[in-house]
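Take a look at this single chain in structure tokens; it is the form predicted on its own.
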Amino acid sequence: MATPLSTTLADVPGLPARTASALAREGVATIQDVLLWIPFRHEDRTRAADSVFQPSAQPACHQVTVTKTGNKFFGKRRGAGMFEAQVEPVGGSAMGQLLTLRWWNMPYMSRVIAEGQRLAVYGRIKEWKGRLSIDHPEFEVIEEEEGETLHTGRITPVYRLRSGVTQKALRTAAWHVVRSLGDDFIGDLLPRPSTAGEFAGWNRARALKAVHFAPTMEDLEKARRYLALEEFYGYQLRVVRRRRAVLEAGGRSHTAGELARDFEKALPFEMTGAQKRSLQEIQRDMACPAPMNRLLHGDVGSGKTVVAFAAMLGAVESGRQAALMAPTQILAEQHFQNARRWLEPLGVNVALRTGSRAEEGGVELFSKTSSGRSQVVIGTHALLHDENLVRDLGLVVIDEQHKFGVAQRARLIRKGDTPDVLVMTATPIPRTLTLTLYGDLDVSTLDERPKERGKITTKVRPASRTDEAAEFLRAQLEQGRQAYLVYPLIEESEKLDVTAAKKGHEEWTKRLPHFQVGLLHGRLSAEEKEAVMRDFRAGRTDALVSTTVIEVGVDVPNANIMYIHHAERYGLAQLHQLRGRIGRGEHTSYCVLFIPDKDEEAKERLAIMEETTDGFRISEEDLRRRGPGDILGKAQSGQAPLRFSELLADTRLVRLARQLAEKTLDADPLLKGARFAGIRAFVFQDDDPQAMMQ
């Protein structure tokens, strides 16, 4: 009989009662609580070091005997000091070597470790003044009758912890839980055919046990890939089901006509081939009775807004409203200004709706009149709450989709009668993430830069060259150009050695005494932000010190310089987004990424920024190095967090999950099968936050 996952830890054979009680006090009470606490990494502690102690860059396991112990105290504060244990290799050492194990401010260790004990220790040996030591090593007391160790001498799981839960307690519980479970303690979610080929002989039970304690690294990798496939399969069930539901919903046809053609003719530039292709794809979808559900993504500066406005005119010509929702007021007002410039001459009525206007008792800013229905409505998330302004949506355009959650997107869509939906992002998304995050959408890609865009030269430089950079900046400003000076924080932090934006503003004001230096950050009110940006756009401000609030959508063609301080603290994708604020005019642009002196790791990681301005290549590299964190953004809001997100870079695994989901929904559209009981709500309810793998 299978052991129920609801079994309390107190009933797990062999698990010390004190460990079970300690975990239960922290909310870790059942087998399921432990089993689904997936390790975030593993350490190969199977390699035992030889009997000679020597400094090493890599940690290793050592079998030792304790020869001497004692506490050393410093100062008057109680407990301030360290506990030391001198050890020698088991069996002694011909060289008479000793190793010191040290635990700082932990005097109680004298009750745990005693002379004569045999220990298995794991850590990195350091040498200082001829003395060898390991600080805070992982260790295990080896009893004579014990045949194996738990924390050392094996492929050892390492868990992300929360307050009150210790690594050893959780690992001990996982060890006893895994040993207590049989081979069929849980049913499979994946269809049986998927266990052929790479996963032959694997099932959910085996994978869950091996992901904690695997006999080999090969088994561990296979377990993680199996569970990742299962997780991706659950998400693909959701996006495929959502895609099919949209296609089955009744919609209305929106056909582009003279208005859209007049718009394109009136543009002061020719649309790129990618823009024309994407617009044709969008207009073809909008002309169909089934509602459009499409993603438009492309590199920074590739011209998504122009395509979006042209698409919105299709809804207007069909007698319905079009709405564009942006993540910030700065971006919403910028879109509004562009819409007035491009759409008003065509006779289109445009309105702006942002939260701050309503909060201060203001009225929406209509382009020509405050009466009558607006044909194009632009705003922030405040659009979600305006029942009067947004009434008959034919097209919803959501800019920077990853800044919004699934529930916000769904709420705006529900304001129309199954409107067409176009979501946009300037974050180039690798194919695997497109399938996972936007698998319910068709995809249009802008992979060309407009010809009128200037070239961007990027260099990684040590922070010590800031004075040299200031001279170059002054020369550019004297020629009439403008600059962004980006910092990662608003104010100084005692914990982070980072120059804050406010201090940076003071420093650059001194370096540029004959120029106007502005300051922009997230703590300013909406009106203050707009005033700062208005001065910068008008050229009254020469250099703008800013946090990453400028990351999305700010468009000042005359700005051709960007200095990013502490660039090592940013992901590649975010750096590329920031860099996209320059190179928007005809002048050659320059982006300098400042990093700490002699930080070779940061220099190597950021080298790709010097090599290319191709956002798709950069996003692939960011995914490979960091996982999908920045790219995911808030796209998973209202969804379970991905436990194996780093494997999203595996195209084959994601595509296999998609194929399995398609076949499953073909055979069982409502997922009535018993194996879907745990994820049925997740698949069918967009706002359900419950995790899978229940």
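Residue positions are given as counts along the sequence shown, with the first one as 1. No experiment lies behind these values; they were computed from the predicted model shown.
The following text describes the form predicted together with adenosine-5'-diphosphate, which does not appear among the structures shown.
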Practice prompt. Go through His212, Arg238, Lys304, His576 and name the one with a heavy atom inside 4.5 Å of adenosine-5'-diphosphate in the predicted bound form.
Written response: Lys304
Worksheet entry | Contact residue in the predicted bound form, from Pro107, Pro557, Gly347, Gly164 (heavy atom within 4.5 Å of adenosine-5'-diphosphate) | Pro557
Worksheet item: In terms of non-hydrogen atoms within 4.5 angstroms, which of the given stretches 286 to 294, 561 to 569, 263 to 271, 528 to 536 touches adenosine-5'-diphosphate in the predicted bound form?
Response: 263 to 271
Practice prompt. Please run the contact check for Phe199 against adenosine-5'-diphosphate in the predicted bound form: heavy atoms, 4.5 angstroms, yes or no?
Written response: no
Discussion item. My question is simply whether Phe616 lines the interface with adenosine-5'-diphosphate in the predicted bound form - judged by any non-hydrogen atom within 4.5 Å.
Written reply: no
Worksheet item: Would Arg171 show up as a contact with adenosine-5'-diphosphate in the predicted bound form if we use heavy atoms at 4.5 Å?
Response: no
Discussion item. Is Arg204 near adenosine-5'-diphosphate? Define near as a heavy atom within 4.5 Å, in the predicted bound form.
Written reply: no
Worksheet item: What residues in 282 to 300 sit within 4.5 Å of adenosine-5'-diphosphate in the predicted bound form, counting heavy atoms only?
Response: Asp299, Val300
